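Given as C-alpha cells, the chain that follows is alone and in the form predicted on its own.
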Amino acid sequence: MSFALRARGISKSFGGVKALTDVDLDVVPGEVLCLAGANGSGKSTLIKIISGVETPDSGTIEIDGEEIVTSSVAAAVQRGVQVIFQDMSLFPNLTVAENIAMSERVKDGVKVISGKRARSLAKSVIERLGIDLDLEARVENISVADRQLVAICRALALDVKVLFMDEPTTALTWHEIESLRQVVEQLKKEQVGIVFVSHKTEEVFAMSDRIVVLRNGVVVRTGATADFTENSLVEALVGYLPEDQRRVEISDTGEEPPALSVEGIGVESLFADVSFAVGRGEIVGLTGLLGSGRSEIAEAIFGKLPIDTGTIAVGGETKTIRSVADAITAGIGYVPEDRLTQGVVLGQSIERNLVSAALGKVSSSAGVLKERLLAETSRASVAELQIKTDNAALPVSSLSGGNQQRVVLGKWMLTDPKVLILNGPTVGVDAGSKATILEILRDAARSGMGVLLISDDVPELVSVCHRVLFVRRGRLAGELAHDEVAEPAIRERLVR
C-alpha cells in the first residue's frame, strides 16, 4: 500500500508536559482519515508538527516515501501539505482574494503577487467550491462563517497531496457543509489524502473512511469508520460515556417578571419586529440557518448593535441599551461565537481573563487590583468550571479550546448576570467539555438566571432548552415548547 504521508514515533513535550507520545499516523491517497480526540488530546500539536509549525522531540515523517529531515511551513507547503487550522490564521487587514492567494506566495517564496493574479486564483477556487464570497472585502469585515470559507479556499488554492482540515465546518451552514463534502469527494478521486478533525460525531461518520483516536497524547484506538458506533467513538474519545439526553427542569417563578423581555426590537436591514421573553430559570434556544439574523438579535440585546425600534426589559424593568457597558450594567452577559477574537485575550493569564468582566470584585475602591483576591476568585472559578490547569497564572493560550471556552463562560458567570446569552457555546469542543458546559447552563437556570442559547446544534437544543425559537430572514418564524422540543421537529422547522 502506498502512503501520501507516514508519521512514526512522534513525541513532543512542552515545559516537561507530554503532548504526544510515540504517535503513528498513516495517510492513504484518496482516503478521508478522521483524527479524533478530546480538547487537549494532542491533535493540533500533531498537525503543527507535520505541517512544519512545530518540531518534534523524536520521530520521523515521510511524504510520498521521502523522509523529511528538517521541516518548515514553506517546506511542507512545497511538498503538498496544506492545513486549515481551527483558528483559521487569516490576515484581517488583507482582502479575501489576497488571503486565498497567500498559499501561492508561501509556496513560491514571492513577496508580492498582483491583484489580478490573486483575484483570478481566488475566483477559480470559490467557483470550485460553489460558494459566494466578496473577493474585495477585507477579512476583518466579513462574518465568522465567511472567514472559515476563506481559510478553506486558501488551503485548496494549490495542488495538495495531504490536506488537514481542523474543524473546518464549525461556522458553516448545512448547505455550505454539503458543498464542502462534494469538494472532499472530488479530492478523493484526485487521490488527495485528507485528514479531517471534527467533534461532530454525525459529521465524522458521514465524511471519514477511517478513524484514529488520540487521548492524552497517545493513540488509543484506530480502525475503519464502519467498526465504530457513536457510543464507542465517544467513549474512546473521553474514556467514558457522557450522559446526553433531554434533562429540562420546569421552574415555577409564579408572578415574577421574566429575566429578559424584548418587544418589537429591530435593527435596520438585519432584523425586525422581534418579541419574546426568557423566564427566570428558563433556557430558551434561538436557532435558524446562518444569515437568518439569530446572532444579530443576540448582539443587539447585548448592545453591540444598538436597536432602532422596540424595547428591552431585564427583570421587568425597561433598560436603555446602546452599548455593551449598558448591557453589563443592566445585568446581561454574553458568550460570543468566536472565543479567540471576541472571548479571551490570549496573551493574558487565565485568572485575568476570568475576572476581566468583573474587575470590581477583585479591585480596591481606587481601582487597584488585589492580587490575593484575584488568585482566590479565579481559583474558585477554575474548580467550579473544571478548567484543566495546574496554574491559573499561565496564559489562557496554554489551554485547549474547550477549556478556553470555559474561561469565557466563567468570565460572564462572575458578573452574576440576570440574563446570560450564549452564541454557539460548545462549537469546537469535545463531548466531555460539551457535557460539562451544558450542565453549567442547567445549574445557572436552577439558580434563577435566564439563559438565551443561540445554536444550530440540534441535539444540544433538545438537551437543555425549555423552548426553541426559530429565526428566518430577520423575523421570528415559530416556536417549540417543552414536549414539542425534539430533533425531528427542530430539523423540520429549520429546512422549511
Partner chain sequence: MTDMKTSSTAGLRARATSLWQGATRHHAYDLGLLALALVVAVVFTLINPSVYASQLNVESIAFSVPEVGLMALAISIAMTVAGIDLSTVAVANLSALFIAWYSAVGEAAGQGPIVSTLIAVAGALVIGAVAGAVNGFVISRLKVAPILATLATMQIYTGLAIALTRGEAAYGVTAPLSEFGMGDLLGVPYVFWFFVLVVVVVWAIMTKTTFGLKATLTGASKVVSEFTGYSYSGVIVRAYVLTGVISALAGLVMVSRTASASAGYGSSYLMLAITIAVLGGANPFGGRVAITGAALAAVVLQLISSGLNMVDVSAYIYQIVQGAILAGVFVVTFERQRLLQRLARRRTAPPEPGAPQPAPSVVREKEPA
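Remember, predicted model here, so these are calculated numbers, not experimental data. Positions refer to the first chain, counted from 1.
Separately, the form predicted in complex with its partner chain exists; it is not shown, and the next lines address it.
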If you check in the model of the complex, is Lys388 within 4.5 Å of its partner chain, heavy atoms only?
yes
Wondering, does Glu178 line up within 4.5 Å of its partner chain in the model of the complex on heavy atoms?
no
Does any part of Asp159 reach within 4.5 Å of its partner chain in the model of the complex? Heavy atoms only, please.
no
May I ask you to state whether Phe196 is within 4.5 Å of its partner chain in the model of the complex, using heavy atom distances?
no
Between the options Val324, Leu129, Val220, Val238, which residue brings a heavy atom to within 4.5 Å of its partner chain in the model of the complex?
Val324
Could you tell me which one of Ile250, Val368, Ala206, Ala226 places a heavy atom within 4.5 Å of its partner chain in the model of the complex?
Val368
Using a 4.5 Å heavy atom cut-off, which stretch among 198-206, 358-366, 276-284, 314-322 contacts its partner chain in the model of the complex?
358-366
Three residues, Lys43, Val69 and Glu167; all within 4.5 Å of its partner chain in the model of the complex via heavy atoms?
no
Heavy atom within 4.5 Å of its partner chain in the model of the complex - qualifying residues of 43-57:
Asp57
In the model of the complex the CA atoms of Lys304 and Glu140, compared with here and shifted by at least 3 Å, lie farther
Could you tell me whether Leu214 and Leu461 have their C-alpha atoms closer or farther apart in the model of the complex than in the shown form, knowing the shift is 3 angstroms or more?
closer
